[in-house]
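We begin with a single chain expressed as structure tokens, specifically the form predicted on its own.
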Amino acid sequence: MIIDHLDDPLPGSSLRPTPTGAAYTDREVFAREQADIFEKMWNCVLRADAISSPGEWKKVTVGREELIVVRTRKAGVKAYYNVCRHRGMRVCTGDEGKAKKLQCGYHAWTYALEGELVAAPNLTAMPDVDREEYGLKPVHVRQWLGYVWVCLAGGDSTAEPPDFDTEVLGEVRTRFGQVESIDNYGIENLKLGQTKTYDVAANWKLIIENFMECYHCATIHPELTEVIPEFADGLASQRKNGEVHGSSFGEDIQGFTVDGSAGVAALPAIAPNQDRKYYAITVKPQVFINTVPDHVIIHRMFPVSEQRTIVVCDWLFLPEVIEGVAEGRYDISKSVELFHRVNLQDFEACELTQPSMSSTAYARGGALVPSEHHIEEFHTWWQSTLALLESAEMHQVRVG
């Protein structure tokens, strides 16, 4: 794979270079991203309460691998490759379900929820078969913020994954340190008010870059800039060197809703400098966390191809708010509608950008203006993580 790249600095000291167009369209680059990023880092895959009782399972995809995430009777939440250890058929063929055991539909190899092989035709005639060794192949699992996070690094749960406290918790809490802490929002105790899934015809990096900057906000987000006027100036909540800036609501704005009207019951433990403010951070490689005084919005991205990404967005509220919605005492529709519109506007922009990544006019990349310079940090991380080495077969995809 040879990718042309920009060697010379851009004219004008205000501008920084971007990756080349091929970084967003090349299948081999995408394959390397799946192998070296998504299959080696911690990925947030689903809410823990989506599998609330023993036997409930859901199928998820991380990188190129299909996984089963199941709540067991003895070991809490576990995750396995969705591959029968006999001849490799998918064990779970649906998207979700509930079962006492997990059974392959090909030759009826049957696994306990805890993973070990418990039954198979003629298994008693094979006493030398190690039922743990031939159990479902596990992956690493952690729970945080009320979500299940998995890591495929090492290929099974006996190999050491990247340190979760350093890679995920450390980065997030360091960035939120200037605003007391993300812990103040009590995200792990919130309940799902709404979830929406978006099928976006764009490369995952375009979506991350869009989320990190607000240079586009005045152009495509009229509702958002009405609620947070400073966004119209092009400065995002995410800044250079990992700074997370709390963006203030407008003077006459009562809540983070589509029309600026009052929201619902505020989260009780937020600090004074978190009130009437919006914060947002990216948790590499595939999570966005957005916090406001009365709810939290979390995006999870699942890249499907070099030009397609599934994004799942959850709106989380206090349990009493969700109970009140069911009883007609609370209405969260205006809260949900604001960021739903933001999502649609952002994803349309990304989809209109994706075709140009293949254009000869963008072959050598584009430019970042000063309010976007922090995106260069993401590009540097991406480049160094992939560690594409220049050789006769492969040129390094460079940011500048």
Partner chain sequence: MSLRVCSIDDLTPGEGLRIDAVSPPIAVFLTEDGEVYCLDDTCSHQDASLASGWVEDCRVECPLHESTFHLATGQVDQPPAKRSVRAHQAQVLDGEVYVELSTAEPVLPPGVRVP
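Numbering follows the first chain given and starts at 1. Predicted, not measured: the structure shown is a model, and the values here were computed from it.
Unshown form predicted in complex with the partner chain; subsequent notes refer to it.
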property: Proximity to the partner chain in the predicted complex (heavy atom, within 4.5 Å), stretch among 109-117, 323-331, 168-176, 303-311; result: 109-117
property: One residue of K196, R73, H86, K137 in contact with the partner chain, assessed in the predicted complex (non-hydrogen atom, 4.5 angstroms); result: R73
property: Position in contact with the partner chain when the complex is considered in the predicted complex, options P121, G250, G97, P222, heavy atoms within 4.5 Å; result: P121
property: Contact of N290 with the partner chain in the predicted complex (heavy atom, 4.5 Å); result: no
property: Contact test in the predicted complex: Q103 vs the partner chain, heavy atoms, 4.5 Å; result: yes
